[in-house]
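This document starts with one chain, in the form predicted alone, laid out as structure tokens.
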Amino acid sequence: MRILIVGGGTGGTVLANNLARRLAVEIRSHKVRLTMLTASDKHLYQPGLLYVAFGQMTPDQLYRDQAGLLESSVEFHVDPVVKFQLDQKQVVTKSGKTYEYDILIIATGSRIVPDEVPGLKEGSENFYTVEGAVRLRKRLMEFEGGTIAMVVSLPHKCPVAPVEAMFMLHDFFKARGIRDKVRLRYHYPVNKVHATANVAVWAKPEFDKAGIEYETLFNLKEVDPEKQIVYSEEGTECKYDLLIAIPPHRGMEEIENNKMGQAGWIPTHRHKLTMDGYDNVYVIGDATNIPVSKTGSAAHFEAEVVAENIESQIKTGSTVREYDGKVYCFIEGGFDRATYNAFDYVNLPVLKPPSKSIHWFKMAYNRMYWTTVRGLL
């Protein structure tokens, strides 16, 4: 039995380690072969990018060697897939090698595409890459007053990140003693301050208390970097001194090139996590089109379900679990307070008042992440 995992982010890594332990006997007896293909030998802790932007983490803290995070029984190759030949049960990599499989797991993630909005790349900063987070940190330290506007595109990784960033901006400038010189404006594309209703209900009064202005139904149209104005599809505009963008996202380019899903999002069964039309192809993490947050926690929970089902398929011939849409996300309420939202397909999140204890638990998790992806926690 050949199991091939494409992608070494949170979902792919959790899944590989989980399967390696569940199928240890089968791997040792050569009944199962477990292989991972990735585009990089490094593993990035993506939630840490927000903390880099505010000087609370450094880029080197966000990386580990991918090979060191995997069980030794996982065959690991840095050789990204460029062709998915699903009907032939094989993929072709950048090096020209062909890998055949019996079960395929696609965990390729997503990417930002700021070029889709005229002027956005030139006229804004973001914290969705290491380089972007470092550059934003410098801009924030140099900022002495004026209007900071945030614009949000949907969908994007970590849906609560824009809300967290606004609260952290408030505390950042408060700590610098110039909060009264900084106007914070938040622009969101739907008719509330967050797409998840209960998050919006919690965040709106918190914005009011912090003096954060907001405009909803602001769908990003274009940016004029010279005039420093951002325009919406609805006909409104905002003058800014510093523009922070949550850029448009797509699935990875290889998925689009292989015509496996509109905008790179692979059509996926919301409970089985199989690709539409292929019972032997699973999709987890950001690459799916299922209606859950594109977060590491969703990828983690999905990976656990898929691992258990693959083990059961091999040992009993049938699956045993369905994914229920479970997500668990921390929400920073500034530099020293946080809350969390936990929900699934049926149950909406119920947010507790932000507290220091939850914030410190989040800080601890930033360090425990490496243990988590190894499957030891």
Partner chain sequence: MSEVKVVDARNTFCPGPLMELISNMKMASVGDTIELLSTDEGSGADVPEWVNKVGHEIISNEKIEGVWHIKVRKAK
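Positions refer to the first chain, counted from 1. No experiment lies behind these values; they were computed from the predicted model shown.
Omitted from view is the form predicted in complex with its partner chain, to which the following refers.
Shown here without its partner, the chain carries 219, 263 and 292, all of which come within 4.5 Å of its partner chain in the model of the complex through at least one heavy atom. Contact with its partner chain in the model of the complex, defined as a heavy atom within 4.5 Å, holds for exactly one of 335, 340, 63, 345, namely 345. For the options 109, 248, 132, 296, the residue carrying a heavy atom within 4.5 angstroms of its partner chain in the model of the complex is 248. Partner contacts here mean any heavy atom within 4.5 Å of its partner chain in the model of the complex, and among 175 to 183, 206 to 214, 71 to 79, 152 to 160 they occur only in 152 to 160. Contact between residue 191 and its partner chain in the model of the complex is found at the 4.5 Å heavy atom cutoff. With a 4.5 Å cutoff on heavy atoms, residue 124 does not count as touching its partner chain in the model of the complex; it lies far away. Though the partner is left out of this view, residue 268 does not reach within 4.5 Å of its partner chain in the model of the complex, counting heavy atoms only. Looking at residue 87, you'd find every heavy atom of it more than 4.5 angstroms from its partner chain in the model of the complex.
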